[in-house]
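The chain below stands alone and is given as structure tokens, in the form predicted on its own.
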């Protein structure tokens, strides 16, 4: 990159700046046939009322690159210890300005911000591993992807569509508590959970016993994870798999992909493998230590970041 070029890295400071940002992100990260407002897919980081997590690179006043840096808290589910990390997402460079080093410059800036905010690690999701490896990122954590095909079911389980607007705070709390108990995961408030569940094309399925939610799962999230169950909670693997069969039959779907932490208790993994048509292991994300303390990276290897938190 020409050292004479003057770059400005800042948060968008007007409604118009946000519109230009969102149009660039939609063009770079989504199919052109999707016409909705891109920001609706990321309500906690692309809000036009709070742009503190949105970082834009401007070249002579023109937006050329963007990335979010979202400070989050890793929480240990038994000791209640916490660790601060930053999630990076919505990484894009305008097609007319790619290959000129602007993203590398932006990531250097984000690393400095992370240090000022005392974040211990940066985490992102991408299949562009060679590029991010040059920026110091490596694979962290593991997830297993189970293909669950439509098969026999003895009867419908009663799992049905749900909507975020009808869920009470007690419902949301119960859903979070029913996810598998792992050493570490991201802290999430009930308000954040409700807003994330309102992302377009996030399909909520719920089964109740009386008034209490006893099983639930999410399929899809905006333009991502179509046909993928990326968050779920249930009393047992068999109950969850029976609910998935009900959904496959009721919606006449042939197959769904179930994401699960690779460090789940063995009885969960054994049940999933016994009823899945196939399974593959993958890195959960890419991560990079900020500073010299690698405690957060080690914690992420023992924990899991669920689908709604990925940006």
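Numbering follows the first chain given and starts at 1. Since this is a predicted model, take the numbers as computed values, not measurements.
The protein also exists as the form predicted together with a small molecule; that form is not presented, and the subsequent description refers to it.
Of the candidate stretches 210-218, 189-197, 92-100, 141-149, only 92-100 has residues with heavy atoms within 4.5 Å of the small molecule in the predicted bound form. If you check the small molecule in the predicted bound form, you find a heavy atom from every one of 29, 128 and 131 within 4.5 Å.
When the small molecule is considered in the predicted bound form, residue 178 lies well away from it, no heavy atom lying within 4.5 Å. The small molecule is not drawn, but in the predicted bound form it has a heavy atom within 4.5 Å of residue 104.
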